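Just one chain follows, in the form predicted alone, and it is written as structure tokens.
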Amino acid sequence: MTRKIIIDTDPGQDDAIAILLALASPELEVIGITTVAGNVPLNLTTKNALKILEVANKTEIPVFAGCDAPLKRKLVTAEHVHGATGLNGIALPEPKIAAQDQHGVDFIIQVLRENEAGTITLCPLGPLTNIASAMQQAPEIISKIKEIILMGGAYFEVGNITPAAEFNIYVDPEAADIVMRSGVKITMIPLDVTHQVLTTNKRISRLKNLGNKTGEIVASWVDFFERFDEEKYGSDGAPLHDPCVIAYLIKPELFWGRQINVQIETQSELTRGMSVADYWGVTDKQECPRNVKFLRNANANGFYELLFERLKKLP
């Protein structure tokens, strides 16, 4: 039985790889892609989503442009990581397909209203603006969400855009706060996990030699953005953040963590967007319920074997 998912995303090379992994996995049915401003502005994240579908030859999947700014903040972007287009690397042609006219938030609300409760999983790969907006506009959909599996936050690795915060949460902390308080089943894949799945030279070489165009394209994306992370962290390779969301859906046994309380800092400018993760259970359980499955570790070799196996199936 396939699992129906909506991918909410701000592509981004690692978002792109996550989308390709989902499209190559028969266990998943991608019923739509909603885009949000994040890594780059909304017009570019939407264009990038369309390009990714054309790479995979999955142009029947609809794309819906969502929110172009955070709920209460000015947009912060990450061209310094992803390049001016958000998808720098090998040059891809302008997309021939177009986004739908419907707003991404309206699409999320419609799908959840029309489908049986507990059948739709939301997979946010960027700031949580679209998800929080849907919850605010149509609170009745909250109880219908099967699960939210998101890439965002950090505890042991702390932050990558500020000393205290991970980028996706930092961009729209108010949205993240709404989602964390929603009562929906949430699995959070933080930097603590993604920094364990590094794109080593050997792994990039395997991508280049998958024998298809997709492998070459993905390798070029990784080549581009890993330079930033290698210089920043002094690591042998860069983290592949967003594909961990899809890998967890397909093979949850590759990851492990625990059910904890997570709250988002929205008031302090010093720690804006910090994921306050009570990993050691020191807060009062009644006042601070264990609202998130917070992943801590990953099987990096297993993750990459899955990625290679699936991407090889694409054009």
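Throughout, we count residues from 1 along the sequence that is shown. Quick caveat, the model's predicted, so the values are computed rather than measured.
We do not show the form predicted together with a small molecule, though everything after this point is about it.
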Task: Partner contact for residue 275 in the model of the complex: the small molecule, 4.5 angstroms, heavy atom - done: no
Task: Contact label in the model of the complex: residue 199 to the small molecule, heavy atom within 4.5 Å - done: no
Open item on the list: Can you work out whether residue 39 and the small molecule are in contact in the model of the complex, taking contact to mean some heavy atom pair no more than 4.5 Å apart?
Closed with: yes
- [ ] Report whether the minimum heavy atom distance between residue 160 and the small molecule in the model of the complex is within 4.5 Å.
- [x] yes
Open item on the list: Heavy atoms within 4.5 Å of the small molecule in the model of the complex: which stretch in 132 to 140, 106 to 114, 165 to 173, 209 to 217 meets that?
Closed with: 165 to 173
Open item on the list: Under a 4.5 angstroms heavy atom criterion, identify the one residue in 151, 87, 179, 238 near the small molecule in the model of the complex.
Closed with: 151
